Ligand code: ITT
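So this first bit is one chain, no partners, the form predicted alone, shown in C-alpha cells.
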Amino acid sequence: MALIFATGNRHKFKEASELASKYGLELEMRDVNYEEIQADELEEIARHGAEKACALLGRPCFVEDAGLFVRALSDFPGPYSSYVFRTIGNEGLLKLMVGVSDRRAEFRSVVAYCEPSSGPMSFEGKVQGSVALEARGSRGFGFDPIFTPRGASGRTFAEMAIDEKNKFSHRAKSIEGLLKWYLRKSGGRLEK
C-alpha cells in the first residue's frame, strides 16, 4: 500500500514521488477537499491539514505547505504565498522588489504526517537564496522562476530538472525528513 500524499498539486506530487522512489517507497496522490486554515505559521497550516485529510480518508497521510519568505518585504508573502501567487504572480512580486537591493529570500516547507490513532508529526525544510531580477525558466511552478537557491550558480528553480531541484529544495528536505522517519518507524515497509 502506498503512502498517501494529500495534495491536488501534481508538481509537488511529482517532486515527492521522485524522492520516495529513492527510498523504495511509493506515493499515492489523493486530492482531499479539506478546509485549509489561514495562519501565520506554515507548521500550523500543515498540521491542521494533515489532521483533516486523515479524518476524511480514515488512513495515514501527509500534507505539505510551503512559502517564500522575502527578507526586504518582512518575510512576505510567507504562509500566504499561494494566494499571493494566484493574485499577483511572479511579475507582481518582482514589481514589489523594484529598486530593492537586498534580495535575500528563503523558501520554507513543512510536511505534516497524521494517522487516525495519533496527532500529526511535522518535518521542516528550508533553502536560502535570493529573488532574481526577472523570471527565468519554464520548469517548476509557483515562484520557482524567480527564486535562485544559494549554491546553484545563479540559476532559478524553474531552470532545473526535478532531480537537480531536489538537491537544493526546501520541499525535498522536509519530505526526506518524513520518509526517513517513516522508514525507521515502519521497519522499512509500508503499513496497511
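This structure is a prediction, so every number in the text was calculated from the model and none was measured. Start at 1 with the first residue shown and count on from there.
The form predicted in complex with inosine 5'-triphosphate is left out here; the points below concern that form.
- Are H48, G58 and P120 jointly within 4.5 Å of inosine 5'-triphosphate in the predicted bound form, each by at least one heavy atom? Not a single residue of the candidate spot has a heavy atom within 4.5 Å of inosine 5'-triphosphate in the predicted bound form.
- Item | Region of this chain that lies against inosine 5'-triphosphate in the predicted bound form, out of 66-74, 148-156, 48-56, 128-136 [heavy atom, 4.5 Å] | Among the candidates, contact is made by 66-74.
- Message: Using a 4.5 angstroms cut-off on non-hydrogen atoms, would K12 count as touching inosine 5'-triphosphate in the predicted bound form?
- Response: Residue-level check for K12: yes, a contact with inosine 5'-triphosphate.
- Query: Heavy atom to heavy atom, is G8 within 4.5 Å of inosine 5'-triphosphate in the predicted bound form?
  - Reply: Yes, G8 sits close enough to inosine 5'-triphosphate in the predicted bound form that at least one of its heavy atoms falls within 4.5 Å.
- Message: Is K173 part of the interface with inosine 5'-triphosphate in the predicted bound form - any heavy atom within 4.5 Å?
- Response: K173: no, not in contact with inosine 5'-triphosphate in the predicted bound form.
- Answer with yes or no whether Y113 is in contact with inosine 5'-triphosphate in the predicted bound form, where contact means some heavy atom within 4.5 Å. The answer is no: Y113 has no heavy atom within 4.5 Å of inosine 5'-triphosphate.
- Between the options E36, E28, E164, E124, which residue brings a heavy atom to within 4.5 Å of inosine 5'-triphosphate in the predicted bound form? Only one listed residue qualifies here, and that residue is E36.
- So which bits of 126-144 sit within 4.5 Å of inosine 5'-triphosphate in the predicted bound form, heavy atoms only? Stretch hits, in order: F141, G142, F143, D144.
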